[in-house]
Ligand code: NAD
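Heads up, the chain below is alone and in the form predicted on its own; it's given as structure tokens.
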């Protein structure tokens, strides 16, 4: 049976891959487990050296892979090129960081000398989404492999081709069965979670993450979950309006809003509200929507008609409940939607409570910083958050219930920072030395001090 991938612009087939039969998945995992001892025994440095050989191979195929990514997922070609390039160009440095993070540590007191080791779990199931279809597998699979795990990757059924192409490049430099790929829908994902794996690393929706956690809990499997977000932006009364509006436009509409840390809720100090909205509308109006394969396009299509309808339903419900459309329209041909700016929203509306994952910026006024913090925290999500302002920005930021908070900038941290969610946006975390260690089991070996 073939899994066909469709271009979201034309709905024409891009290509297909073979669906992995559900009853074949235990055998795939068994092969990964058989390959594990030899891979584990190589040591982190040698494993890293072998994996690093994939970096130049990715860069050699940069144009081909970027074009495939755009055709399959829809994002503009420059963004696709940047995503592919990031997976190849920085691989050596990334691997060195992972190897260093996994180094044993010596702990000593007057009586005991302890060596803290970070060993692989065994077989890791990596389940990844479609919005960054090469970066997301890369961020989970590479540290899992360097840590000494073997990996079975199940990419999104929406973008199987680019994930398959990336995985095959890695397979070309790895021993047999160290990295395998399973294709299919949620049936294959559930079968993989239920198979004889030791660690499940997942990026995707809160609902799917909850199912994985429940399914894995019966056997106490280790689980790393990066889940959805409903990220707030707070614009305080002393904020630089131009910078804040520019950030809001970029972060609300980038990748057509299909980003886990997209700005979806914007809270603006009441005296600045109208001026901020005017600037945001101007920035939204300057964005070009179209086929990501064409030059000059800023926003491509939604991934599919189902995701577009989810966004349209939220917007139309908000309008029916009294919200105003400051810019855009919940209409568009095919899978396209223009950037949308809503005002007059409140927390009775789904658009302010449930993940939208589309090109919508919803703006609500507030009167005090305390009110802004309460509104921002009024959500089960807690991935990212941003504050623009000066006098109270730091104190407001420290009261936000998110894993990553930016002040007058995006929420992503300095090099080496983990990618981490709070509340129901994360269970474990990845990236940076602290995140890389999540793919390893801590063991201590102690002896009497001489």
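Computed from a predicted structure; not experimentally measured. Numbering follows the first chain given and starts at 1.
Below: the form predicted in complex with the ligand, not depicted.
- For the three residues 128, 208 and 228, a heavy atom within 4.5 Å of the ligand turns up in the model of the complex in every case.
- The closest heavy atom approach of residue 282 to the ligand in the model of the complex falls outside 4.5 Å.
- Mapping the unseen interface onto this chain, residue 265 falls outside it, with no heavy atom inside 4.5 Å of the ligand in the model of the complex.
- Taking the partner from the other structure, the ligand in the model of the complex has a heavy atom within 4.5 Å of a heavy atom of residue 136.
- Under a 4.5 angstroms non-hydrogen atom cutoff, the ligand in the model of the complex has residue 357 among its neighbouring residues.
- Proximity to the ligand in the model of the complex, defined as a heavy atom within 4.5 Å, holds among 302, 144, 98, 212 only for 212.
- Comment: the ligand is not present in this chain, but in the model of the complex one of 339, 155, 292, 232 has a heavy atom within 4.5 Å of it, namely 155.
- Heavy atoms within 4.5 Å of the ligand in the model of the complex map, among the stretches 220-228, 265-273, 105-113, 165-173, onto 220-228 alone.
- Of all the residues from 362-383, the single one having a non-hydrogen atom no more than 4.5 Å from the ligand in the model of the complex is 383.
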